[in-house]
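What follows are structure tokens for two forms of the same protein chain, given separately as structure 1 and structure 2.
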Structure 1
């Protein structure tokens, strides 16, 4: 205990033990275990770097996107017939903007649809089954926070009549969340508030959970990795696989065109000559409005979190350390008196890695154009843009 106290003192986190003497033995053991699992040096470094992230400057260049063809579709379909394809759904996020009480995938979309986001994604896999008679293996990434609730939801819904043995859940890692002074937030007297480590966590988690090994032994070659919150995620269109095979890409992405120059989205481009995604905060007005000789925007291809990876990339990616970025979130916290407070404004830093940071480890990635109205209907916010209402409207237009 003295050693633990010493470590906490060093890193200015002594408050973690403020209520220790009031805990029962089980809670004491649990808190000690949590403290032991934290890399305090990493947390300290991340907090100190908070304000520097924004200052990083890179040289940006544009990237070209390509039209789809029937040949890509056919090649992709053949790969599915060879059972080389799997889906990984990232569903470990906190969904704070949506404000749904439970894992985001369990949110039931109304507006005449009345299905959860998980079921809508499962429908896509059933579409593939209808075409090929093949059940695609489905790997669902959860977080420690939402794993049990996610599994219970699948059980309660009979796995949406998809074969249970084709569905595997795995958990991503997490880091403590910090208040604006860098102190670890407590969510109860014996628990730290943890946050999943971002979409970039998918690679190491696939390896740690032995899923990567299983994929290799099952001869899976192409892995689509997407989020749970785009209800038109184009997993059921094999053209992305064919596009990769035909052009010898190891990473390909379905992209759509910016609605207008100032849309706040990440766009594909080269950063210091490496493929990547340029976040909108790094795009100057000039870059946003830059046009080619045909009057098309140069930085126009949006990253829609619809990425396909060759298995060899996943093996490599699992060994890489990705940068963490701070995100300010609204989260409940325990105050000095031990009361749980629901804040009105963002009060906590969550540290996340991004899946697209892995793109810089290959020389080239392939961008395949899709139609926005067919493949992009995100459910992010409670209301307004990218809300259940806007997503449902798009869905109802496309899915008959």
Structure 2
């Protein structure tokens, strides 16, 4: 304990033990385990960078996207027949914004569909089975917060009649959330408030869980990584694989065109001659409205989190240290008196990495065009844009 106290004092986090003497033995052991797992130097460095985290202005250039072809479809199908393809689904979030108490993937989409987001994604894999008679390995990234409930949900639903042995769960890494003074937030007297480390954390989590090693031993070469909230995620269309094979790309993405110049989305482009995603907050009005000779927007190809990676990229990505970015969030916390406080304004920093930051480590990535109404129906908000209603409307049109 003296060593632990010394570490906490060095990083001004002694408050983590404020209620230690009031805990039972199990709670004490849990808290000490949490403290031992924290990289306090990393946390300290991240907080000190908070005010200097805005990306420096870079030179932006547009990127070209391409139409799909039957040849791409056929090449991709052949790869699937060779059992070279796998799906990774990022599903570590909760359904709070949807008014759902539980993992987001367990949210049941109504409007005549009446299936969970997990089942809707599983249906995509069943579509591949219908074409190839092959069950694709499915790796689902959960969080410490929702892992057990996610597994129980799959067990309760008999894995949606998909082979249990083809589904593997693994957990995403987390970092403590910090208050505006850099103090780690406590969610209870024995627990720190943790936050998932963002979409970029998928690479290290695949390596730490030995899934990457399993993929290599199983001769998997192409891995689609996407989120759980897009119910039209195009994992069942082999053209993305064929597009990569034909053009010797190590990373390819399915993209759609911006609805209008001011749509708040990240778009593909070159940043200082390296491929990446330009976040909308760095796009000027001039860039948003810039058009070519055919009157098409120049910065138009949206990053929809529909990315395919060659296995070699995942190996390299697991060794990289991606940049963390702070996001100011509103979260409940324990005050000095041990009372749980629900704040009215944002009060805590959550640190995240982004999957698209790995793009800059290759010379080129391929963009394959898709139709918005066919591949992009996110379920993010309880109502309005990107809500269950808008997603269900698109889904029903595709199915019918």
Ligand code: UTP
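Superpose the two forms; the largest set of C-alphas matching within 1.5 Å is the rigid core. Residue numbers count along the first chain shown, from 1. Computed from a predicted structure; not experimentally measured.
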- Item | Form predicted together with the ligand, given as structure number | 1
- Query: Fitting the rigid core first, would the Cα of residue 394 be found 2 Å or more away between structures 1 and 2?
  - Reply: no
- Message: Checking residue 250 here: with the core superposed, does its CA move 2 Å or more between structures 1 and 2?
- Response: no
- Item | Rigid core superposed: residue 216 CA moves 2 Å or more between structures 1 and 2 | no
